[in-house]
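Consider the single chain below, provided in structure tokens and representing the form predicted alone.
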């Protein structure tokens, strides 16, 4: 199969959640162990943790360079103080050194410097990896502390994952998306075939699920929902099911609160591996519903 032909058949599923802590990554790891050959992408670049379960072996590592950061050459600096005076972000110290975590890369220091001592240099914001796991190739990344451009890093991860899928003839990209509805989530969702929202039965999770629904609707991306930890509040779980029904959102499945998920993570396993006859069967049934939904898109 040529890469151009395979590009048309690659499906992309993005697992998201309105908030952190719903079990999104546990579900992603479980789905990673099911279904066809796939490439995995961890787009939760601010707090990536899929690697904790999948133990990837990195085979390629690249710096993520985006934007600029100021630098003051002390050999050229005449201590005029203009950079300190004009910087609105407190990024220039009293002895005219750049405070990296405060620099927004606006360039005003370079603009006002009469000696060209202040210059703007490419900014290394993080790092990204191509790795191998027991479930296939994986692209993952880590944004540096207080660094920006998370959306661009997500785009880099997704682009690399697609290139790998094309090269390997994989039919699926499975992405662990970021929580929330901000820029990195939007960067994770654009052009995806299906979003899977993991929600727990709490009032805040229901609120966030509604925001996720609005986001996917805006970008015209089909949405399915997995209700996790349903046993902790059956009443709210019913409210979520009713909300999904009223808005035409298919519930892919319901998972009870089960310590097997925690034990699986402690043992660096997916719950499908750790509990194949219990929660593993639940996830297999969920995967079948997801697969059916994907297949319907081709009809």
Partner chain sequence: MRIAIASGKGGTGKTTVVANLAVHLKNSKHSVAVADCDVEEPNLHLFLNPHLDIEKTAVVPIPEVDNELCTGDDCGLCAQLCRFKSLILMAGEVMVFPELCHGCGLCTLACPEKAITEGSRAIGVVRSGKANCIPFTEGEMKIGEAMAPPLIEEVKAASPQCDIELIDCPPGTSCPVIKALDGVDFAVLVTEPTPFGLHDLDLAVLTLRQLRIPFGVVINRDGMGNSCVHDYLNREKITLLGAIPHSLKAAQAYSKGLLHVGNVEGFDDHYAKLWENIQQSIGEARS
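Residue numbers count along the first chain shown, from 1. So that the term is clear: the rigid core is the largest set of C-alpha atoms that superpose within 1.5 Å between two forms. Just so it is clear, the model here is predicted, and its values are computed rather than measured.
The same protein has a further form, the form predicted together with its partner chain, not shown here; the description that follows concerns it.
- Of the residues given (164, 106, 84, 130), 106 alone sits with a heavy atom within 4.5 Å of its partner chain in the model of the complex.
- This chain lacks the partner; the member of 117, 186, 194, 98 within 4.5 angstroms of its partner chain in the model of the complex by a non-hydrogen atom is 186.
- Comment: 232 to 240 is the region of 57 to 65, 248 to 256, 232 to 240, 32 to 40 lying near its partner chain in the model of the complex, near meaning a non-hydrogen atom within 4.5 Å.
- Of the heavy atoms in residue 80, none are within 4.5 Å of its partner chain in the model of the complex.
- Heavy atoms of residue 46 reach within 4.5 Å of its partner chain in the model of the complex, making it an interface residue.
- In the model of the complex, its partner chain sits beyond 4.5 Å of every heavy atom of residue 171.
- Taking the partner from the other structure, its partner chain in the model of the complex has a heavy atom within 4.5 Å of a heavy atom of residue 53.
- Every residue in the set 143, 147 and 201 has a non-hydrogen atom no more than 4.5 Å from its partner chain in the model of the complex.
- Within 4.5 angstroms of its partner chain in the model of the complex, the stretch 162 to 192 places a non-hydrogen atom from each of 179, 180, 181, 182, 183, 186, taken in sequence order.
- Once you line up the core between this form and the one not shown, the Cα of residue 90 ends up 2 Å or more from where it was.
- Core-aligned CA deviation for residue 118 between this form and the one not shown: 2 Å or greater.
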